[in-house]
Structures are given as structure tokens and as C-alpha cells.
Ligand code: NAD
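The form predicted on its own is given below as one chain in C-alpha cells.
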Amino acid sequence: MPTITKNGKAPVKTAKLQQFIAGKWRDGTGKRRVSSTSPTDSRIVLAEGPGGCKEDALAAIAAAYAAFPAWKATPAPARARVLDKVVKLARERKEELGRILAQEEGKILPEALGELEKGINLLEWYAGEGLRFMGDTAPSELPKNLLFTIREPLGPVSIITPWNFPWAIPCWKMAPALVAGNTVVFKPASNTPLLAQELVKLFEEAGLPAGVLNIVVGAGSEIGDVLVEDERIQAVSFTGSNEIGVRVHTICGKRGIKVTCEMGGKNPAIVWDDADLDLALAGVLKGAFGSTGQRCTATSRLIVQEKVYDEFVGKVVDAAKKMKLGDPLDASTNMGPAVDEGQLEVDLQAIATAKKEGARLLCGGERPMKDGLQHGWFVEPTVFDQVTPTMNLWKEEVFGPVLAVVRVKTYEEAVKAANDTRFGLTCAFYTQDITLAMRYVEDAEVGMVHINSPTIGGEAQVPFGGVKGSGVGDREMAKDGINFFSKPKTVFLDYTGQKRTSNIY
């Protein structure tokens, strides 16, 4: 696998990107090439190859459609054993895969290894669901009548994932889809295809039958359009931007198929005057600047009670100024680059707009252009205060290391500020007052609430998702993931052995 060298030289080998369709790796047939370029040093090409196109997507759907009957007929525990093998293989290669993730996406190695572990945990948890793929029984109003439900797979499904978590998000979608008995066509983000390819190779090595999992890699919208519109696709699981998510949801709604869209966030963290400020500081820094702020769950708005405002915001600014930017594989690096030039431009434009609208820049706000950082897509950790609800920085998701800060006096002001957004994914509240904390649990207009912990994170055994503009459709992870990728069937079993003399309803 390619590596980033400290002297900036190109890697010895660039990996080849291909499509995996019907159990075979093959070149894409599209006219556009796809390349994975290091965000740390744009001179380094980590992987490249001919991109896929509409014809490749159609071939992948045909392969998934053909493979579905046999995979559906495979007992759920047997399907789960394939996931168990993937877990074993991934743990053996965790360090190598973590380095690929850090090189390709830009998050520092400890964060990359954390994402690897989360994905492995999800695969492991859903492998267990293969032994719990059960329905329910219910009492009947008739004698000698057994009522029960079974769960069945949907058919071929599409999984469309973003670049910011190129391992964990595919895992939390693929695992329940496959263990429930569906076949999958997987479209990863075109700027992080290398790790996606490595993930599919693990399933291939684990013995997944041909056609059950297919990957199509390509830039542009034509592949995604096919994966949403083709009549053979029975469900779509999408994570990405609101603009595309709304379009996906609309198309699937017209088709009458299942769809879940996990989209943006503008997540608040509230720090109250009785909070453990050291704990809150660690959480806010991790939430705002971890993964370079490139998370839908990132802390992008900080709401601080006025009694501790100056002290706490001062601590945040001091810590942000001390963060070291650089090579994600360097142990001394605190924050890596934006994923690509396009995202860097989004970050810089958001900073410029905030300045123009009157927000006060407390630190950061620049693209560093020395010490080798000029070859990557780096932006300094940035903090603004005097942000008002009418400003873009308060309303719109940046997806970068840019934090907006406001001062409040009362709990009611804090809740109003936190809920003042079209998004509703996650939030955090730092306080030692359990009564106040529980009030906030009830008042927060989000899908996930963190008390005395960062806005980021999730666990396999609980649902993940948001409300308002942050998501539509079923939640992901936990039982919700299995339920999304399956359908219940109710069975009425009459065992009287003779004709009934009366009926009900």
C-alpha cells in the first residue's frame, strides 16, 4: 500500500482502483478516471483507476438481483458467520487499514484507529443479530390458532456513503443489510475509494458469495441516480448532504420503497456555570476540532453561561492556538487537513463570510502555508464569538474546524439558542445539576443527547440519527438497522384440523 513520506516524495506504488461486480474485480468502463489523492500532500496519488459509469451500476444491480434468492435462502446464522470472519480479518489488519484511512481521509491516526474499531464493533454486533433474526408471537382471539411474525429481507439494496467516515458508515449499513439477507450495491465517495475497496476485499476473503456485495466507484451523479431509480433496488440507505438526501428521499418516496437519509448537523454544546470545565473543555475541543470538524455530529455551536463565559472561552482559544497541524501519521499531530481542496474552500469561505457579517475572530481563520503544510488542504482551528442567530455561521453547516460561540444568562436562553436551527442531530450539555440535565433531555430538539460528553460518537447497540433537517426515514444501527433492511410477515396458523363454525371480523 502507498505511504506518505516525511520528505514529500511520491509513494513507491499507487494502488489500482477497480469495480467489484458479480464476484470479480474489473476496470470501470466510464470515461472519467477516479483518483485518491493525499489531502496532506496533494502531490501524492494513493490510488487511481478508470471510474465506473451507468453501465457498471446496472451490471452491479443485475449481479445483486441474481444473487438474492440464494443469499435469502442461506440461514441467518450462516450469513452471520461471514461477518464474524470479516471481524477477525479486520482486527488482524487494523493498523494497516488505519494508516490507509489516515492517509486517504486525513484524520490523525488515533482517530482513524478509533473509526476502525467502531466499524469492527458494528460488524461484530450485527453478526450476533444473525442468531436473533426473530419475529414475535401473539395470542389469538380464536382457539387453536397461532399468530406469529417472521422477518424477511427486502432484496437488492443500495448503500451510498460519504467520505468523512469511509469505514464506519459503510460497516453500519452493510452489516445489517447482509445479515438480514439482502444483496448490496455499494457506492462509496469518489474521494475516499481506497479504504472502501479494502473493506470489500475483506468480505471477498471471508467467503461472501459472488454478487452478494458489489462496489461501483465513480465521480458525478450518474451512478447514484441509477442506484436510486432502478426498479430492482428495494431500499436505499444514504448518508451525505441535505441537498442530495432530499432528492434521494423524494425519488424513493415516489417509487414507494424504503429509504433512510442521514444528513447534516449544526450541533450545540452548552456549558453551564456549575460544569466541570476541564471535562467540558476536552469535550468541546474533541467535538469541534476532532476529525478536522468533518463530522455530521461535530460541535459547531458553543453556548456558554455568562458566569463562566470569559474563563471557558479563553481556555478553548488557548487550546486551539496550541494545536499542531500536520501529517496524520505523525504522533505529535493534533489535527489533520480538510479532505480535499473543495472542502478547504468551503471552510475558508465560511470564515470570510463570518468576518464580513460581523462575527469576532478569536483565533485561527487562516490556511497555513509553511513547514510543508502548503502542499495539503490545511486550515487552522478557528473560533468566533459575537455570533448572532442571523449569521450564516450560526445557521449553516461548515463541516470544518470552525466554532461559533454565544453567551447566555438563563437556561431558557440556552435552550432557545440550541434549538434555533433547521438541523436536529445531536447536542451536549455540561452541568453537575441532574435536574437541569434531565430538563434539557426533554427540551432538546435532536435525535441524540449527550450529558457531560461530546456531541460526537455512537454505539452499535443504540439507534443513530436525527430529526428536522438532519434525517428522514428509519434510524441506523442497533435493532433499527435490522428492521430497516427487513420486512415483517404475519402468519395465522389454524391447527383445529376441522372447519370452523364461526369466524371473527
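Residue numbers here begin at 1 and follow the sequence given. No experiment lies behind these values; they were computed from the predicted model shown.
Another form, the form predicted together with the named molecule, is not on view; read the next lines as being about it.
Interface residue remark: residue 241 is counted as part of the site for the named molecule in the model of the complex, having a heavy atom within 4.5 Å. Though the partner is left out of this view, residue 68 does not reach within 4.5 Å of the named molecule in the model of the complex, counting heavy atoms only. Using a 4.5 Å cutoff between non-hydrogen atoms, residue 225 counts as a contact of the named molecule in the model of the complex.
Mapping the unseen interface onto this chain, residue 234 falls outside it, with no heavy atom inside 4.5 Å of the named molecule in the model of the complex. Of the residues 291, 197, 190, 305, just one reaches the named molecule in the model of the complex with a heavy atom at 4.5 Å or closer; this is 190. Only one of 280, 296, 86, 101 lies close to the named molecule in the model of the complex, with a heavy atom inside 4.5 Å, and it is 296. Comparing 283-291, 168-176, 69-77, 130-138 against the named molecule in the model of the complex, the single stretch with non-hydrogen atoms within 4.5 angstroms of it is 168-176. Applying a 4.5 Å heavy atom cutoff to the named molecule in the model of the complex picks out 464 as the lone residue from 450-468.
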